[in-house]
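First, one chain by itself: the form predicted alone, in structure tokens.
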């Protein structure tokens, strides 16, 4: 009988111990849940995980830049996906703004023509994506906004993938689409 009482007492000890205040301290502390409230701006001089990328002040300084990412099939494929998300609305799915819902109305340039393909450097195209142009918004300079944030920002590497697609995949896609339409 005495042994049963001791066993019952020992079995109750863990449940009693778990009822003490220290069992809920972590749960009932002040905290901020993800996506709750407004996001605080990044601290000044903080560096994004993908690095700062080239430190250039404007589009003119990008003219002589060389693409550090080789135009592999994977890079062109990644660039194609990003292009269709960010660029196709104005420049068309294969670089022809006449095929785009917005491109003809705002005067977007054809990215599949000889001027872009043979005259524009990869650095200039990267700079245009980064800093924007007359009508085109910036897709890489969050510092242009007061709060240092941007909803359409592409990382440095993503912008180079888009350049690889424009220079090494777009003309092929346009030719294939034109041939399929005939």
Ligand code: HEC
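If you're wondering where the values come from, they're calculated on a predicted model, not measured in any experiment. Numbering follows the first chain given and starts at 1.
Another form exists, predicted together with the ligand; not displayed. Remarks below refer to it.
The single contact residue among 69, 65, 154, 56, judged by any heavy atom lying within 4.5 Å of the ligand in the predicted bound form, is 154. Among residues of the shown chain, residue 41 is not one whose heavy atoms approach the ligand to within 4.5 Å in the predicted bound form.
Contact annotation: residue 124 falls within 4.5 Å of the ligand in the predicted bound form, judged by heavy atom distances.
In the predicted bound form, the ligand lies farther than 4.5 Å from every heavy atom of residue 81.
In the predicted bound form, the ligand sits beyond 4.5 Å of every heavy atom of residue 117. Shown without its partner, the chain has 89, 90, 91, 106, 107, 108, 109, 111, 115, 120, 124, 125 in segment 88-125 as residues with a non-hydrogen atom within 4.5 angstroms of the ligand in the predicted bound form.
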